[in-house]
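Just the one chain here, laid out as structure tokens, in the form predicted on its own.
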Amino acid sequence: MALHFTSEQRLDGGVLEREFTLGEVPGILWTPPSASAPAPLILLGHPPLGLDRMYPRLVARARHAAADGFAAATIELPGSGDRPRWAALEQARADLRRAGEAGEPVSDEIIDALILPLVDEAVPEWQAALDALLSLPEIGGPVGYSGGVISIGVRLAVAEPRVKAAVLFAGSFVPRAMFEEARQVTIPLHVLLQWDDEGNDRQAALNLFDAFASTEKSLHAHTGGHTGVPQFAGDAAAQFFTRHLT
């Protein structure tokens, strides 16, 4: 798939922001204001809420990355934003809402329907984006992955040898099948966990961390709900990438 830039603007501080399409997939690339060599790349993962809604958080993370000399990029997830609706995913989301409103536990069947097809569709798109982005003269390696959906990060860590380190956000449902994949993950990991996340199964997040086969992995747990990640947590994640991608 060919990458086509559709717009560009300079942000405060000189960071270059360019929107692009990769086939039918929209995305955004941020590059540092000046670089004497091709910049390492961080892929910015996010929940399936749409790039427009997630933009303020994504651009803040991209600015932080650019300040450390990294390029950053993200793509729209299947069934999100302006991409075509996905009937199976919409049904899974409706089932999730129904369970929540009824005060029922979220079943394995709902979690599988919500996450596994998304992982199967999204990871090849991330890999295609990686092919296109690494062909640009201003982008080099190595590559890191940062964010959620955590199962997408797990699959990329297993399937994509160009991803050398990952910061994973433990704030999404994890299908049982992903625990087996986690046992194949060997890259350095920095895992963020909000201890009081009302929508997250804390024990499942701890079990997933335990399953990772990485010899270097660290778990950073903070009190607070899903959106209460403290500012200094981003600083620690940035230091992790500086160690492993430069």
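Just count from 1 along the sequence shown to find any residue number. Note that the structure is a prediction, hence the values are computed from the model and not measured.
Omitted from view is the form predicted together with a further copy of the same chain, to which the following refers.
K.L.:
Here the chain is shown alone; which of L58, L219, I28, A204 has a heavy atom within 4.5 Å of a further copy of the same chain in the predicted bound form?
P.N.:
Exactly one listed residue reaches within 4.5 Å, namely L219.
K.L.:
Is it true that R85, E109 and Q127 each have at least one non-hydrogen atom within 4.5 Å of a further copy of the same chain in the predicted bound form?
P.N.:
Checked in the predicted bound form: no contact with a further copy of the same chain for any of the three.
K.L.:
So, in the predicted bound form, is T215 in contact with a further copy of the same chain at a 4.5 angstroms heavy atom limit?
P.N.:
T215 belongs to the contact set for a further copy of the same chain.
K.L.:
Quick one: is T6 in contact with a further copy of the same chain in the predicted bound form, heavy atoms, 4.5 Å cut-off?
P.N.:
Judged by the heavy-atom cut-off of 4.5 Å, T6 is well away from a further copy of the same chain in the predicted bound form.
K.L.:
May I ask you to state whether D210 is within 4.5 Å of a further copy of the same chain in the predicted bound form, using heavy atom distances?
P.N.:
Yes, D210 lies within 4.5 Å of a further copy of the same chain in the predicted bound form.
K.L.:
Is T242 close enough to touch a further copy of the same chain in the predicted bound form, meaning at least one heavy atom pair within 4.5 Å?
P.N.:
Looking in the predicted bound form, residue contacts with a further copy of the same chain do not include T242, since no heavy atom lies within 4.5 Å.
K.L.:
Sort through 195-203, 178-186, 45-53, 63-71 and report the only stretch with a non-hydrogen atom within 4.5 Å of a further copy of the same chain in the predicted bound form.
P.N.:
Single hit among the candidates: 195-203.
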